[in-house]
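Only one chain comes next, encoded as structure tokens, the form predicted alone.
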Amino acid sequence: MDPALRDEIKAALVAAIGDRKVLWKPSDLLPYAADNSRMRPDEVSKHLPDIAVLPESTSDVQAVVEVAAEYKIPLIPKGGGSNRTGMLIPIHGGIVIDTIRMNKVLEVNIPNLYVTVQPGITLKELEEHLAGYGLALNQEQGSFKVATVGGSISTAGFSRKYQKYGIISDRIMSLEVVLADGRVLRTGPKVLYTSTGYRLHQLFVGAEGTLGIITEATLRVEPIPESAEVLMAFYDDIWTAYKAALRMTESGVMFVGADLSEPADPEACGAPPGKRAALCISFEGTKGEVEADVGYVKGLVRGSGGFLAGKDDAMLFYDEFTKLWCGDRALLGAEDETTAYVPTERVREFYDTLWDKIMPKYGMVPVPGNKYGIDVGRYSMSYCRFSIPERERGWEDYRMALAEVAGLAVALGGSISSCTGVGLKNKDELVLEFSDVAMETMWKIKNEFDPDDIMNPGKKLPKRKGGRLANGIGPAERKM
């Protein structure tokens, strides 16, 4: 951005929301140059925003959006920053709106079982607050400790408690959103279900900040259950375990969530020699309900050749699994993950093709203990983590592998991403998953909500033919 223009915009922002909420020094902006996605080595910290702001209210966000709309400069909403697809990278500069200070609980309504919050509160903070009322949101997603409510909604976050409590989109009753022209949209009344207007709040689920900035969310909650338990069963291999898990799902027994994997060291997790795959299942409910469900599943495990681990081993594995998949990934360097959805009957074909054909072609190998990660139930997900080869063509091979994996998931009747969103990582592959009519409809929605393409431009949707952005404005035509 031209320095004089930047100073002019900075002055306008300071006048609107105060200087303590506006950051412009390079040292302050550096943390906003990237998210948790994997970037080409020579591009790390390349994209700095021009300014970052720390709003504390909807009116603050409104004021910032009005300045950005006047100058037609990009806005990048930021939650906890744990995203792995590049949706927070300010590729066109502009203003990062960091909602971390918008972390208040505005209302807890016990009779109607809902909570209204600002978007910057983390899932962990919200669960701790609700616990004081005997309530829970039950959204235990990967980056639980740092993921914000706004970020979770914007990425269509996945919860390990999916089977019983659903995912974040199932919890939303109403949203407040600041649109690209500064107007405030309330998507509907604070009710979980209505058959009146369009379900406007669903437009912002997984929108990645490209349609507006969420400033308030009303979410359904439940009473904390009376009882909880975790079971872990070991099997000879992943596919024997998968067959048993499907039998459990088809039986109709109620469980909270179930994960399938092959731990790097099964015996250290309590497995007997020769058992390589682990099925971890969680249960919650009344004491009698949990005892009945656990008893039923134990019988199913024994009847399908599984070995039941001890209670302590099961709990330890449950905690370590969360750390492995959701925390340690941020500490590793040249690695990434896939989070495809594949129909149940084609999951084995997906993994066989992935590891026997696609990944070897590009020199990708699984991170130990992370070759398989399968969630079994109504929101099934097939994921894995792999190392990116550190060689001259490593990045190019990585990008080609991602494209092939996306094509494989779609060819098998699935979806490219089931929980992390699209960002920069897979936006060009969206045309594989959606028809021309569907893509045109998405572009029209983007144009209607954001005609000047200032809301997180360059993310979520691929460019239209001819290299134009969603609304036909090219990057060089911005007032930058």
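Note that the coordinates shown come from a computational prediction; the quantities given were computed from them, not determined experimentally. Each residue number is its position in the shown sequence, starting from 1.
The same protein has a further form, the form predicted in complex with a small molecule, not shown here; the description that follows concerns it.
Although the partner is absent from this view, Ala147 contacts the small molecule in the model of the complex, with a non-hydrogen atom inside 4.5 angstroms. Interface residue remark: Gly212 is counted as part of the site for the small molecule in the model of the complex, having a heavy atom within 4.5 Å.
Proximity of Met87 to the small molecule in the model of the complex: non-hydrogen atoms within 4.5 Å are present. With a 4.5 Å cutoff on heavy atoms, Ser174 does not count as touching the small molecule in the model of the complex; it lies far away. Taken together, Pro77, Pro119 and Cys419 are fully in contact with the small molecule in the model of the complex: each brings a heavy atom within 4.5 Å. Residues of just one listed stretch (135 to 143, 278 to 286, 310 to 318, 236 to 244) have heavy atoms within 4.5 Å of the small molecule in the model of the complex: 135 to 143. Here is the short version: of Pro266, Gly81, Gly369, Gly373, the single residue with a heavy atom within 4.5 Å of the small molecule in the model of the complex is Gly81. With the partner omitted from this view, the residue of Thr155, Thr218, Ser382, Ser261 that lies near the small molecule in the model of the complex is Thr155 [heavy atom within 4.5 Å].
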